[in-house]
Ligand SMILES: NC(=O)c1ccc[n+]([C@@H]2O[C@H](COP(=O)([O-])OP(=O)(O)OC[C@H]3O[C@@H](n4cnc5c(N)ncnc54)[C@H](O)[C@@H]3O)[C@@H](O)[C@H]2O)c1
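One chain follows as structure tokens, the form predicted on its own.
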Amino acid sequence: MIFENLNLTGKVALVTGAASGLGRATALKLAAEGARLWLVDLDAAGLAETVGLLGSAEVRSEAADLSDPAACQAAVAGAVEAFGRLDALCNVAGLIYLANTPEMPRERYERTIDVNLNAPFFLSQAAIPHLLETHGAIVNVASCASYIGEAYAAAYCASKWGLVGMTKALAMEFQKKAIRINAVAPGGMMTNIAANYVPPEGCDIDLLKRFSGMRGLVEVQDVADMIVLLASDAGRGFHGACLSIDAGITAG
């Protein structure tokens, strides 16, 4: 996917979930367009691999558990301290636990909400003052599960529906300010989430198939390209949008 006027040279982007999958692909694309990067993930080893792939790009990384609001605040502060500014916040980190709802452990429910919904809120809360100064952007990674009910994924759906609602609410709050706040909603991709996909014991396979795309998995790079578009000046026409890139899963 090729766009003109991405204009990221010298700009600073904070990317969460950067140790693998979509977060890594987003970091590589941002670096290729000239951005300086602050990368965050719980997986320190994977994060080091991503940094190694970035070659001569100006990049710093931090291993942190973003389920802690204090870690979210520290991540933003670290990026601004290191580079003197912040132009884009890319909230990519996420997780899913499938479960029969009556058997869903409370700690897994709470961690799903903490990582998928609360972390983007607290990161945005810390980042917005800096993004207002730079006329920057927030890009949240939602899901096709933001628009359809998915069996055995009540917590995940709740977190992603909430993330789209939060994206739109923030867009309205800052409608008169020079900041852009958007989301992308991908379908299933070949990432660690897909690789570790474990259906719950005794589940109805027919119900799982209802949200499996007939056209197969979405390409990670295509979603990363869309994130970078929304993070760049080329995405200036988008505000309060959630762009579906799910190969038709939510079409009908």
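Residue numbers run from 1 along the displayed sequence. Keep in mind the model is a prediction, meaning the values are calculated, not measured.
Another form, the form predicted in complex with the named molecule, is not on view; read the next lines as being about it.
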Is it the case in the predicted bound form that A31, L89 and G136 each bring at least one heavy atom within 4.5 Å of the named molecule?
no
Among the candidates A93, L170, I179, A126, the residue which, in the predicted bound form, approaches the named molecule to within 4.5 Å (heavy atoms)
A93
Report whether the minimum heavy atom distance between R85 and the named molecule in the predicted bound form is within 4.5 Å.
no
Residue-level contact is defined here as any heavy atom of the residue lying within 4.5 Å of the named molecule in the predicted bound form; does L42 satisfy this criterion?
yes
With the partner left out here, check for me: in the predicted bound form, does some heavy atom of P200 sit within 4.5 Å of the named molecule?
no
Report whether the minimum heavy atom distance between V141 and the named molecule in the predicted bound form is within 4.5 Å.
yes
Just one of 171 to 179, 76 to 84, 155 to 163, 100 to 108 has heavy atoms within 4.5 Å of the named molecule in the predicted bound form; which?
155 to 163
